[in-house]
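Only one chain is given next, in structure tokens, and it is the form predicted on its own.
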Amino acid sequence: MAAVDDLKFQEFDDAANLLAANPDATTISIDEPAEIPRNQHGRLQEPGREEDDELLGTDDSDKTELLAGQKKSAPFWTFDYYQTFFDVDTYQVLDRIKGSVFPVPGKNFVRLYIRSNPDLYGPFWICATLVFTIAVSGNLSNFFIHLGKPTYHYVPEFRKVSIAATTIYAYAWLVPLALWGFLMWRNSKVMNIVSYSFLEIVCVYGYSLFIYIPTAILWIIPQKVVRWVLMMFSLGLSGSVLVMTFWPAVRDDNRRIALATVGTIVVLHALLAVGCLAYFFDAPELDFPAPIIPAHNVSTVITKSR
């Protein structure tokens, strides 16, 4: 027993002597060599997926953020549940608006601005502002087009507010809902597809519509060519935000399905812009004929003198 104990202490003494002779030496546990080759093997096996994970937002940092977000969920019938959707400050909203107006090529809008804290505050007020901007600008445009015509009398068209609200909010909610369902369905078919949450998709679509607010104000200019140039410019900016956001999510799917998905997103976005411009601003000019004044028959009154 004494000899065994001496051997044990001798090993400890040898290690202590080695550390004293070389203070810069490092020690590792016997479990570390098994973990290092595993990590190295994973890095060698997938050298190009790190950039994809960073673009799609599937790395460990995003998992931590999502897990942290799940802890503060509340029942949907409580006020606290909906309060989390509007828990955003002014700087975050302005930063997301800036990102939607000046998209960075090759960067994912969800990854850069949304995933940490998706909100409904920005999309709701952007859509509300766009509704009144289109309705008011459309009325002013109609007024300036017919300004100077003696037979024209301006009558405000309040029905344009309800039509604009129905169109904008239906697009900002129904299209993301359909896209979210499609991505969930494809995710069950192809495991590599990354699905965004419904709230993230609504957030992307809401902020992508901000560029149309200043555009709708400039559509008051009574020049059809200028209006269509502004529309194409705004469509290119907002459409690029959608393409750079959803293309990484479907590019691992079948090539035709991926292209059809992105093409459908762009076509629906273009239909919204073209429809708003054509209906609210490029309405056909009406000819206002001169009012017909009924001719009064000249009757001769004969008075009898008595």
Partner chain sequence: MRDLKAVGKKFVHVMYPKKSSALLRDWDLWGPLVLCVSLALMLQGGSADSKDDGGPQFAEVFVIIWFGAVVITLNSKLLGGTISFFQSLCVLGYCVLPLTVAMLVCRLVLLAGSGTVSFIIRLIVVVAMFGWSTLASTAFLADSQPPNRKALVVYPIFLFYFVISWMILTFTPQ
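Residue numbers count along the first chain shown, from 1. Remember, it's a predicted structure, so these values are computed and weren't measured experimentally.
Just so you know, the form predicted together with the partner chain exists too; it's not on screen, but the next bit is about it.
Contact annotation for the candidate site: 136, 140 and 155 all lie close to the partner chain in the predicted complex (heavy atom within 4.5 Å).
The listed set 225, 128, 104, 232 contains one residue whose heavy atoms approach the partner chain in the predicted complex to within 4.5 Å, identified as 128. Taking a 4.5 Å heavy atom cutoff to the partner chain in the predicted complex, the contact residue among 90, 166, 188, 151 is 90.
Under a 4.5 angstroms non-hydrogen atom cutoff, the partner chain in the predicted complex lacks residue 98 among its neighbouring residues. Although the partner is absent here, residue 132 sits close enough that one of its heavy atoms falls within 4.5 Å of the partner chain in the predicted complex. At least one heavy atom of residue 124 is located within 4.5 Å of the partner chain in the predicted complex. Proximity to the partner chain in the predicted complex, taken as heavy atoms within 4.5 Å, picks out 90 to 98 from the listed stretches 104 to 112, 176 to 184, 196 to 204, 90 to 98.
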